[in-house]
Ligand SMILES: NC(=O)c1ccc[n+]([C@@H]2O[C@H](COP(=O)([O-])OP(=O)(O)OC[C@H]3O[C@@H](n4cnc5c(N)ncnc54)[C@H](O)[C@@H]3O)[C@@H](O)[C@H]2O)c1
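Consider the single chain below, provided in structure tokens and representing the form predicted alone.
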Amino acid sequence: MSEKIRIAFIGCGRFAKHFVPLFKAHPEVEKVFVCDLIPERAQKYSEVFEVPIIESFEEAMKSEEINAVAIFTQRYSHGPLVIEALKNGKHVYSAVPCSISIDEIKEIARLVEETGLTYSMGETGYYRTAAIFCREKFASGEMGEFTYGEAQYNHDIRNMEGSFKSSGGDDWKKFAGIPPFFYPTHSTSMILSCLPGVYAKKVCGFGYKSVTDTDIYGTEGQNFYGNPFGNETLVAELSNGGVMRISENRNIGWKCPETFITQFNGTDGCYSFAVAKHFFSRWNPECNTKVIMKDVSKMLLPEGVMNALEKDYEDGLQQIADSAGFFDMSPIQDASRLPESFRNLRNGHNGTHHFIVDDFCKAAATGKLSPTNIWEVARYSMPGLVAHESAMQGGVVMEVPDLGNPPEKFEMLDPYAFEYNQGNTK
């Protein structure tokens, strides 16, 4: 039987609180610890969630009892912490992004290959309903050959002040100016996760130099990254000949964070999304001069949102604008493979949190690769990092490095072929 997971949360900020209860409840987890640079935060988590405190990241690294860490620090700090954890023999769950450095991503992959330890990034985009739908339709052959896809992540900086301020203190605005493309995976994952083995070969990037929030973006030295852009967009040539457009927007009139695929197009079928409705169209097999278009929103939206749309369209739209369904699953999200202990626990990010935690725990228990393993998330991350450099140089076309597919010695996790506490060998 595999060793139980004993995991230390590194960082007790605004986001980690959604995940401590899930890890505590998972059948493969034996114990959860918490730590934070601000002792009062760790103490509060300890009291609220009834978990012990580990004094520091360094102490967690030394601990023989702890065999895994969950990195929930600020986004620019993940890479070095992940590398140190792997070097100390710990499995790693990391919040997004993987790293803001291509060299660090390469080093993480090297360490995972060398040690066989689990690395899994908590990328919600992989588990969102539109990505699941497009993945299934593309795999079935109904879409034909992929031609073009576009996705975006809209999250205005005015809705993010609390997140940065809680950890950045008086310098929070300097941290908040992080380039949008240092955090591209909510968008890139929505497209690339549907295309097995496909990666970005070349990108060109462009940025919007903000005329508002100029105390965050703008003049040289305004932030820690020398970044003038509040919004960034890339166009990528993919390895299968298709084209991908990605936008990461932080200076936009969109109150709540939202990730969505606008279009996912194939030679025979296309998915599209417009504010509140999801559509799938394909050639009519009986008459090749016409297409069949179907509204598939009931599959992809939580029941509460769907009911609101059917009752009063304007109220339904407002619920979407106010993040309605943030905690709810949709019919296309198959909860049958989740542990029973998750049934009544709070979810998040459109019903994705349960799946993210379950996949990490099952991967660590079996030694198999989670869907968001390092080789996969490298393909989500690197196009953005290169595209930011392109934007800084006025939109020049640049090649994107690729780490390749996972080494053959690794098997992919099948989360349905798993028996809790039964040796995990099914």
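Position 1 is the first residue in the sequence shown; the rest follow in order. Keep in mind the model is a prediction, meaning the values are calculated, not measured.
Keep in mind that the form predicted together with this ligand is not shown, yet the notes after this line are about it.
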In the predicted bound form, the one of Ala68, Ala378, Cys35, Leu385 near this ligand [non-hydrogen atom within 4.5 angstroms]: Cys35
Answer option from Pro21, Gly13, Pro415, Pro406, heavy atom within 4.5 Å of this ligand in the predicted bound form: Gly13
This ligand isn't shown here, but in the predicted bound form, which of 95-103, 262-270, 275-283, 214-222 has heavy atoms within 4.5 Å of it? 95-103
Is there a heavy atom of His186 no more than 4.5 Å from a heavy atom of this ligand in the predicted bound form? yes
Does this ligand get within 4.5 angstroms of any non-hydrogen atom of His349 in the predicted bound form? yes
Hey, in the predicted bound form, does His78 get a heavy atom within 4.5 angstroms of this ligand? yes
Does any heavy atom of Phe72 come within 4.5 Å of a heavy atom of this ligand in the predicted bound form? yes
With the partner left out here, which residues of 113-148 have a non-hydrogen atom within 4.5 Å of this ligand in the predicted bound form? Gly122, Thr124
